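Have a look below at one chain only, the form predicted on its own, in structure tokens format.
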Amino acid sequence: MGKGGMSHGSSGGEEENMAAWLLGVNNLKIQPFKLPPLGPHDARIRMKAVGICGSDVHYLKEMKLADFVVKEPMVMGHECAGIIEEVGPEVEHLVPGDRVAIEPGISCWRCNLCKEGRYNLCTDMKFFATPPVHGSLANQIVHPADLCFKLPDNVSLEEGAMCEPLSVGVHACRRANIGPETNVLVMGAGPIGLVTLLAARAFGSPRIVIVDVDDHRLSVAKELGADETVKVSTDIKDVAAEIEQIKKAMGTGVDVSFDCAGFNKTMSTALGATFSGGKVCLVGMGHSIMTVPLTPAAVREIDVVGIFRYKNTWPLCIEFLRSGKIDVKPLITHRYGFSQKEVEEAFETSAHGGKAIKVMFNL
């Protein structure tokens, strides 16, 4: 499958494929996007629902995220679902008209990590809207068919697009071995913290406490099923007192803490609040380098695990949605169409935060 690129003019009478291109800081333009040729194992998909992720906003504002730098125009978007338009001759599990959720990362399948099943760590990963790879905020895309997952009739295309952020929570719960005897603390009630809450409950956690600095997000977390919420400050000096608040709210030992923010303060709080012999899973990536009280946690045998994206999560996410074990619909707070004006407004809405949780494009 090729990368695709700028198209200057359409051929014949065919509809011209348009996409939202990142051209510079705060500069998004809907422009033509020439699709790569359809390979034998590929599918051409008409996009119907595309969500905005925090990484999309970061690229728009900074033109970089961690070590990934946007050096040339790039199509945005990676949380997506759509309808199959065409499949390659070797594709047998999909036909035109099928509604699919799309896993956005293409690994090499040749390296040792891929062969071991940990393809999310592949160093040759080609991931939507991670430079220089183009994303999916377009009328149509071409993608490997084995990364397109058919949706049941009772799961909407918007819910299909939400499988991408939900996959982060599901992968985190797998890494932390969440089950019916695991009491869970979630640091951060943003979109990833909220899907981690939903995933932990679906995995059987009997008690979940969620922590944030924002009253509105805590109220949303409560509506989504958090047993208790704790409002905290941004002041590192408050960590000790807030750990006591968290322990009181939990009412028993915290077996696993998920840090869905990734800051010095949130990680310090998670390490201190977790019961001896427990586990802290670092999900968020707020700070690339942290100073945290690791030695006191080590002598209490706190295990620290990290996650990066996800692997083999789409079938389980879809089953959680189909069965009703997880309802992601309340997370979608804002919807926009696919015009130049709406694309700009949608990204500003997502960037400003406030009451926006998940901003979704309906194409």
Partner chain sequence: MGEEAEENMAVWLLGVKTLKIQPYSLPSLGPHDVKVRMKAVGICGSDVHHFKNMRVANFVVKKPMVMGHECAGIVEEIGSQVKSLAVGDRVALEPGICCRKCSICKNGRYNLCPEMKFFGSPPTNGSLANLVVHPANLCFKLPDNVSLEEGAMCEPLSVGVHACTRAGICPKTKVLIVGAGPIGLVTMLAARAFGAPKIVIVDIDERRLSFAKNLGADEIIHVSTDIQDVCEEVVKIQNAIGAGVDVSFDCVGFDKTMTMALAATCAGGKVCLVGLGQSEMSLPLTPAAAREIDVIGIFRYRNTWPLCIEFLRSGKIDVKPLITHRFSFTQQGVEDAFDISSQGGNAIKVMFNL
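Positions refer to the first chain, counted from 1. Just so it is clear, the structure is predicted and the values come from calculations on it, not from any experiment.
The discussion below concerns the form predicted together with the partner chain, not included here.
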{"item": "Position in contact with the partner chain when the complex is considered in the predicted complex, options 38, 70, 332, 304, heavy atoms within 4.5 Å", "value": "304"}
{"item": "Contact residue in the predicted complex, from 118, 93, 216, 231 (heavy atom within 4.5 Å of the partner chain)", "value": "118"}
{"item": "Contact test in the predicted complex: residue 292 vs the partner chain, heavy atoms, 4.5 Å", "value": "yes"}
{"item": "Residue contact check: residue 127 to the partner chain in the predicted complex, 4.5 Å heavy atom", "value": "no"}
{"item": "Interface membership of residue 277, the partner chain in the predicted complex, 4.5 Å heavy atom rule", "value": "yes"}
{"item": "Heavy atom of residue 133 within 4.5 Å of the partner chain in the predicted complex", "value": "no"}
{"item": "Proximity to the partner chain in the predicted complex (heavy atom, within 4.5 Å), stretch among 171 to 179, 241 to 249, 99 to 107, 201 to 209", "value": "171 to 179"}
